[in-house]
Structure formats: structure tokens, C-alpha cells
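Taking the form predicted on its own, here's one chain by itself in C-alpha cells.
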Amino acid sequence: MNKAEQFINEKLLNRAEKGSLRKLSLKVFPIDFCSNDYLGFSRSPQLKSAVNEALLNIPQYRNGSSGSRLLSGNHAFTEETEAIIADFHHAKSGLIFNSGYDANVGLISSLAQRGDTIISDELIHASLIDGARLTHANRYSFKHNNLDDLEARLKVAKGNIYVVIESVYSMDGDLAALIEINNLCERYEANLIVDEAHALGIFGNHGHGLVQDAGLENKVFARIVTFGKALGCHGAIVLGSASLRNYLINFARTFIYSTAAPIHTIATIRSAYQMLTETDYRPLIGEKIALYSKLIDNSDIQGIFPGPGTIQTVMYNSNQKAKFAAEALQSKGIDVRAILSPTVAEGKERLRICLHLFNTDDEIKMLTDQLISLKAHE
């Protein structure tokens, strides 16, 4: 065995000993409380039909895009879709990337230069962290949603300053203090970047997101909106000024050197946005969130934290306990997954529960009954 293979095996063994070895699974459970398909769009016959109809109106579209957007992969339909999405979000411009990961890495890594400063909430997504790591900028994190800690970092920041947060945090499901953070950014002339991945479709009028709900669409420097959660499709868009769009076309490596998304993907994104425009799903998904919260609140069980959105958290604080709880639920046909360290900090292991529009009231009651029972016998 050579040194590289030995290194690989030792790292895998270490993960296995800690109970945090990741594995792919083909298991499918009847009741979905796991996926990010909050509005059920990925399984929607209405969306599939709308996509097929849209494609009929695009003559001679190809199965693949055949190249990057800067070479052979651009299409008028894609640029029209970007304009439609920007208008929906009251943004001046937008640029589509192949995934939320690509958008976050491309945006952050291309913006911040040597001598600049990136200040990020300690709980931001890995893609935002990786984008920052690719820069030569000064990098700081601040305690989660802690305005005093953020201000302390802003006071020592140099160059162009970028503050990076999520509007809805993907593991805890809590919300950023958007207005207060924006006020600090204005005071210190910092540029606020907000990842709205888990806000789209869930918060704001017709699911516009939390930035618009707070009236900050003309103040935030950039928003990243991803399509793989509530929209049930794939890709992401960076929203901002026309200058930012042009800058990313020229300097974002994840955009420049990636084969463009095929027209079928773009048609799916546009059709999903049309569904958001036609129907305000927030009151509907709100009923599911309210029911879950009511059932949990009435239990008075510790460690279950009802959130304001579709992401709900049940803390177990160890890999073994979280995995045991997930397996117990799965044995009842309920698909809930354990989130283990190092994805979350050691001692913060939990069940991450996602509520969906397609979950019935009986399913939500079954879930909460099982959670309460598991916690009572912990």
C-alpha cells in the first residue's frame, strides 16, 4: 500500500471510529421529512407539464448546451429567464450559475482581493466558506447573529468589506437579523451578501425571500437565490447590479469555465418561477409549520426547537444518539436524517427535519408523536 492509499484509509477509519463516516444510500421511505423539496415542485405534474409546454415553443433546442455561456452555451431564452427572475426579486440584474455551490464560490472568490476583508457568520454554508478560502482577503467570522461581535470585526476591517450571511440558516432553520446587520454594514460602508437558498418560496410575498420582505432589495450588495430547494429544480442566480453581473461574467471562474446548463434546466427554472408568481404558497406551507410547532410546543419536551420556517431541529448532541433516533424514525417509514459532526460542530449533532406542502396533517402528527416518544425515553 502506497502512502496516499494509507492516508486515505486512515482518514476513513478515523471517521468510522467517530461514527461520522458518510455513505450514499438508495433507501426510500414512504414519508418524506428529509428533502429540501419544501413546496413539492420536484414531484409536481403541473411543473412537468409547464416545462414540456415551454420547450415546445423553443425551436431546435439541444439536449445539452454544448459549451460554456461565453462560447457556444448562451441562449436568448436563458438571458430572458435571468431578466424575469431579476424582475421577480426587484433586482437590477441576475446571472445564472449551475448550482448554489458554483454561485457562492464564484461570487466570493472573484470579489475579494488582497487587502480586502470578508466577515462571515460562523454558521454560513460550506460553499461560502470555500469561496472565501480561495481569496487572499483578510477573513473573520463572527458569532452567530451576534451584532456586537460583527461590529467588533467591522471596526478593524480594511479595504473593500464584504459581510456574508444566510437569510435562513440551513442547519438550525433560524433567521438572520437582516435589518440590524444591514444597518451595521451601512455604518461601516460594508457590502452585504445574503444567501437566500432556504427563504425562496417560503418567506415574503409569493416567496420572494426575506431580503425583499425586509425592504432591503436596493441596499443589499448581492443575493444568491438557489433553485434546488423550494423550486424543486437545479441551479442558482446571483442578483445585484448590472455591473456586478458583467464582473462575474468576466471574473467568476465557476461561471467562465463551466459548461452552461441545458435549455431543459432553464425552462424548468422559468416554469417554477411562473408557479410562484401565480400562487402565493406561503399561507399554505405556513399551516404545516404552525401545526408542527403547536404539537411540539404542547409536549414540553426539551431539545426540540420549532423554527419559523420549514427547517426544524431536534438536538441530540452526539453522532450515535442522532443516528439512533433517525434509524428509529426510518423503521416507522419516516424519512428523517441525522446531521453529524463535522457537518455541524461536535456536540451539536441533531435531526434536521424538513416540512413540506405535501406532508399530510396525519403524517406531521405521526412525526411529532415519534419525536416526543424518542425524547422522553432518551
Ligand SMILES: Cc1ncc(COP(=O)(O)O)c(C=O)c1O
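When you see a residue number, it is the position in the sequence shown, counting from 1. Not measured: the values here are computed from a predicted model.
Separately, the form predicted in complex with the ligand exists; it is not shown, and the next lines address it.
**Q** H125, A197 and T226: each with a heavy atom within 4.5 Å of the ligand in the model of the complex?
**A** Affirmative, all three are within 4.5 Å.
**Q** I'd like to know whether Y281 contacts the ligand in the model of the complex, with contact meaning heavy atoms within 4.5 angstroms.
**A** Answer no; every heavy atom of Y281 is more than 4.5 Å from the ligand in the model of the complex.
**Q** Answer with yes or no whether Y101 is in contact with the ligand in the model of the complex, where contact means some heavy atom within 4.5 Å.
**A** Yes, Y101 lies within 4.5 Å of the ligand in the model of the complex.
**Q** Check S170 for me: does it contact the ligand in the model of the complex (non-hydrogen atoms, 4.5 angstroms)?
**A** Contact with the ligand, yes.
**Q** Does any heavy atom of G235 come within 4.5 Å of a heavy atom of the ligand in the model of the complex?
**A** Judged by the heavy-atom cut-off of 4.5 Å, G235 is in contact with the ligand in the model of the complex.
**Q** What stretch, of 149 to 157, 78 to 86, 197 to 205, 288 to 296, brings heavy atoms to within 4.5 Å of the ligand in the model of the complex?
**A** Careful reading of the contacts points to 197 to 205.
**Q** Sequence order please: the residues of 128 to 166 with a heavy atom within 4.5 Å of the ligand in the model of the complex.
**A** The stretch 128 to 166, when checked against the ligand in the model of the complex, contributes only E166 at the 4.5 Å heavy-atom cut-off.
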